[in-house]
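Given as structure tokens, the chain that follows is alone and in the form predicted alone.
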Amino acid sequence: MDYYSGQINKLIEALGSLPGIGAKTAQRLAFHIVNMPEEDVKRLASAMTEAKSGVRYCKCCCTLTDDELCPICKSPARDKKTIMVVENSRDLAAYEKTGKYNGVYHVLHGAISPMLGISPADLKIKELLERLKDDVNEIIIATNSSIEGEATAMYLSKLIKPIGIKTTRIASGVPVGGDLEYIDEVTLLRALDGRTEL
């Protein structure tokens, strides 16, 4: 049974199709939007349509940008000889928040997943290999510690190592504040293997 008018139901359904938005959150957002001043709704709708039409891939690192090059690739202060390979632009943003990495990035836009039909050809690997023709000292593979992320890391290392470029993998292990009894065996083994001297 429908409780609301067709337009409200349509808005709830549209919002509910977004990732991470459940039925209750979609309903809450829909009512918030309906109760917003009309100018704010127009500004929100305009920002979404402009982002959809204006955002593209950076021609160097493949992250999302509204310019030919993203701010990181444009920056003369960044170390262009160190490239961190990440799965998506959200991962890039997470590393940037640390403020400790001064190299550049390459965004794959996914990870190899035969189960989901994602092959190496579906990722931005060809573009990465093209960048390796320049003067590059190190590739840091920072894919997730999932099965797909590990498969992607192994695939990339097999492509890059023969070129003679130093290829490293980010360490993974026990999260800060994590209780050992609740952590899976693979994570514990990675933490043990990646241990450092005190």
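All residue numbers are counted from 1 along the displayed sequence. This one's a predicted model, so the numbers in the text were calculated from it and none came from an experiment.
Beyond what is shown, the protein has a form predicted together with a further copy of the same chain; the following relates to that form.
- Of the candidate stretches 66 to 74, 128 to 136, 163 to 171, 147 to 155, only 66 to 74 has residues with heavy atoms within 4.5 Å of a further copy of the same chain in the model of the complex.
- a further copy of the same chain in the model of the complex is approached by A93, whose closest heavy atom lies within 4.5 angstroms of it.
- Though the partner is left out of this view, A142 does not reach within 4.5 Å of a further copy of the same chain in the model of the complex, counting heavy atoms only.
- Within this chain, L188 is remote from the site of a further copy of the same chain in the model of the complex, having no heavy atom within 4.5 Å.
- In the model of the complex, a further copy of the same chain sits within 4.5 Å of a heavy atom belonging to K97.
- Residues of 22 to 38 that come within 4.5 Å of a further copy of the same chain in the model of the complex, judged by any heavy atom, are Q27, R28, L29, F31, H32, I33, V34, N35, M36, P37, E38 in sequence order.
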